[in-house]
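Coming up is one lone chain in structure tokens, specifically the form predicted alone.
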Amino acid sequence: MDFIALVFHSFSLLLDPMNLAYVIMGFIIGTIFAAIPGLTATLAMALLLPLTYTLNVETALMASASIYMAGMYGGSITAITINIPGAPSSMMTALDGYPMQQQGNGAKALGHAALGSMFGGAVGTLLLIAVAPFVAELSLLVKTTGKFSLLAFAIVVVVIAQRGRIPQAGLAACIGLMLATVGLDAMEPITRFTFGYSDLTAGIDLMPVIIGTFAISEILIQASTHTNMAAVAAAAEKIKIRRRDFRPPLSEIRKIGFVCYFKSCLIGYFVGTLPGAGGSMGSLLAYTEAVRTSHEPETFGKGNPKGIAASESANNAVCGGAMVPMLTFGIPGDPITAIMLGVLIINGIQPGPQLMADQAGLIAPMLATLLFSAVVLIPLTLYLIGPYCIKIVSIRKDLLYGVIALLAVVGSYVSTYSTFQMFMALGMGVLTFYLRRNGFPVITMLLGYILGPNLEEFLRRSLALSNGDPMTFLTNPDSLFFVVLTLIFVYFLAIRKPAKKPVTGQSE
């Protein structure tokens, strides 16, 4: 209860004009990046990460939280209006949102998306606030062997969650683990894999890895992709939206029903707690469940507002769920929380069981900002700038990506003041570009890089305590629990075949 009271007391920090300005700026930037096809909120946070060096910890985390919530919501704008999801988590939203746009109800569809996002973000954050302290207390029961098994479980789940490309995901995770071994040994004062370069003694810095993985590789991907942006801009120019059109009718909200909203939020939240699952899986499962339980399943994919509500409620609830493993175990639930983990580490905060007890005052403002962004900024942003949001797709791509390239290179240098690390960011960008072009999911590589040092440390400590006996991972109850859990997930996600293809309701 003390932590819950601390979170709600942290709303007072939003009264500080500077904090509020950064939160609003972060939300607007996250919305714009999520709405522009090809850009993501992950890219926005990667580019703005160097700015956290100039901010205090609370403000940096509050700005990151607002970008996160905006990123989950903003992708619905172009998904509904021009059938191009701005973010992967909005793919299911486009199934019913774009047909509504074609029927002349695009503004109403955006209103339903905002309402679902607001509800999902609020419920997910409230569940996070209520559950995280208890999860942190339970995590204190996990000892050294259990921590290794937990980290191994996280990597395995992220790999097997990439259905259809598990070998590529596994290889990408191994690349990340290999990158994590460069530099000083985790247990002994010796260097490894530096190849005589003194600049590699401290290893590869987190900042160049993030900027290279998300920003520079995205620039290369977009440069190699030929998209008829003139047609997209022309479609955007034809759309006329008035502010009063955004309010969804109360009759449609009642028809969707509280049960649909709340069930979708729970699905999104619990999917978010699984490392690597992300908003795409949450929105897909919630949409499928909405179709399954509907009395009119044939209307989905043809402009049913319930499909929008289910999808958006779930993908915004993922925000709260993904923060649970990140805060209590230091395991990011998706790419954005991976960068938020970097913000914590850069500011000297080590996520883990003691975080809620020792540094709750730093975490509480971030959770308060998540709730504020969901309840206040989502509807406010839609009402004030909704009619203009779709116009952002008309921005010239050469100018846009030129600015992004400049910010990425300058940011990677300013973060470390090392020319070597700046070129390392460029190298990571090229590596990630080729991985993405060949179907390798880069989130597994990033997770392997972030979790690699702790995975190695807990493995070696566990074997040292047991005199080299690997059976220690099966004889300790906490470790055995995660081993069994890993086997269960492997069976259901990788071995057992689904009975039938889930119905999405999309019309052919």
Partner chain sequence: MIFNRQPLFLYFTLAVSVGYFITALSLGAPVSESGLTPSFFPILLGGVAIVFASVLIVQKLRAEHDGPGPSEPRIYTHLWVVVAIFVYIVAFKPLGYFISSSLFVFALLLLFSSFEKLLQKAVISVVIVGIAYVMFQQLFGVRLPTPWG
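Residue numbers count along the first chain shown, from 1. These numbers come from a predicted model, not from an experiment.
What comes next is about the form predicted together with the partner chain, which is not displayed.
Between the options R292, K255, R247, R192, the residue in contact with the partner chain in the predicted bound form by a heavy atom within 4.5 angstroms is R192. Exactly one listed residue, out of T299, Q168, T273, T288, brings a non-hydrogen atom to within 4.5 Å of the partner chain in the predicted bound form: Q168. Listed stretches are 375-383, 183-191, 256-264, 106-114; the contact stretch with the partner chain in the predicted bound form is 183-191, by a heavy atom cutoff of 4.5 Å. When contacts are judged by a 4.5 Å heavy atom cut-off, F134 does not count as touching the partner chain in the predicted bound form. Among heavy atoms of L463, some come within 4.5 Å of the partner chain in the predicted bound form. Using a 4.5 Å cutoff between non-hydrogen atoms, Q222 counts as a contact of the partner chain in the predicted bound form. Contact annotation: V403 falls within 4.5 Å of the partner chain in the predicted bound form, judged by heavy atom distances.
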